[in-house]
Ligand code: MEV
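Take a look at this single chain, the form predicted alone, given in structure tokens.
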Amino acid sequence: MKIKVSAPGKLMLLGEHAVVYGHPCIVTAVDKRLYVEAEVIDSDEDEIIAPQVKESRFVLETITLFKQKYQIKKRVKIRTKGDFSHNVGLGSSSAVTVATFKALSEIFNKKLSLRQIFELSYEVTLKIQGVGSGFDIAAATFGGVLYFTKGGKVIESLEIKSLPLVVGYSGVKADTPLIVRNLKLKMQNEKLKVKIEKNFVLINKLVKSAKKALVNKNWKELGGLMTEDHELLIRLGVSTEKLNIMVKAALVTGAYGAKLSGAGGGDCMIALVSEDKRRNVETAIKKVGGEIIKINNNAEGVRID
């Protein structure tokens, strides 16, 4: 018996870094998916066929935890493929973890709820990375647009049909765990800690305002809040010159708002646009060296394909 499962990638809309310290964020699942094919095999060891080393580690830890939890001795073969590379920062490791848990639960008839899949996947992520809030795991599991707080204390689905976003890749792969740890190190300095925490409080307010603007489809207000959030992320020291140039290019050509999306240090930026400005914004981002990634947001969560 073979089972095929997929889970979506994600884009952070607002709340980066502050979410690690208990503040809320807003994240959307995207239609770039990671696929897992699983089957039981007659072998002395499990077999993992993954295109990227990073993904295979997450798959290995997922298999180990699942087998320990449910006392399973049989061997499995897991094959992964994705609509996107782990290089672009759309959450391939989270998506592969969630999809693998779902696939294993189906093969071994352990009917895991979405909440159980989230919690097990978060456990794997913390074991490997040591840091993280779980927002990317939540997006891969539940899909849609989510208002989220660390560890899944709050996972609230927001009723949004679509968001008019342009996504630009900076060409630089960010090391998310390293960036998160570096910020944590800065907070060991009391003066820096006070400054950083003040920024987190301001980000918290932006996220709460953005939640209302999002639900009301007030794109102009939401765009302004996104741009403010980017300025706060610059203050935190997590943006890069390339991301800042891409954000500025989007704003100058008429985007409602723009910001980096994710940990910073590279990966992607996002711009909220009206359809009549989309092409101009995309062209401007490309002119300053960005790559446009065609993505639809508010995608379905983990599913059997």
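Sequential numbering from 1, following the sequence displayed. Note that the structure is a prediction, hence the values are computed from the model and not measured.
Not pictured, yet referred to below: the form predicted together with the named molecule.
Q: Using a 4.5 angstroms cut-off on non-hydrogen atoms, would residue 284 count as touching the named molecule in the predicted complex?
A: Taking the distances in the predicted complex, the answer for residue 284 is no, it never comes within 4.5 Å of the named molecule.
Q: Is residue 132 near the named molecule? Define near as a heavy atom within 4.5 Å, in the predicted complex.
A: Close contact exists here: in the predicted complex, residue 132 approaches the named molecule to within 4.5 Å, heavy atoms only.
Q: Against the named molecule in the predicted complex, would residue 180 count as a contact residue? Criterion: heavy atoms within 4.5 Å.
A: Although the named molecule is absent here, residue 180 would touch it in the predicted complex, with heavy atoms inside 4.5 Å.
Q: Is there a heavy atom of residue 262 no more than 4.5 Å from a heavy atom of the named molecule in the predicted complex?
A: Contact with the named molecule, yes.
Q: Among 156-164, 220-228, 187-195, 133-141, which stretch has residues with heavy atoms no more than 4.5 Å from the named molecule in the predicted complex?
A: Heavy atoms within 4.5 Å of the named molecule in the predicted complex occur in 133-141.
Q: Would you confirm whether the three residues 270, 273 and 278 all fall within 4.5 Å of the named molecule in the predicted complex, going by non-hydrogen atoms?
A: Looking in the predicted complex, the three residues 270, 273 and 278 all stay beyond 4.5 Å of the named molecule (heavy atoms).
Q: Just one of 105, 149, 176, 204 has a heavy atom within 4.5 Å of the named molecule in the predicted complex. Which one?
A: Exactly one listed residue reaches within 4.5 Å, namely 176.
Q: Would you mind checking 1-25 for residues with a heavy atom within 4.5 Å of the named molecule in the predicted complex?
A: The stretch touches the partner through 10, 12, 16, 17, 19, 20.
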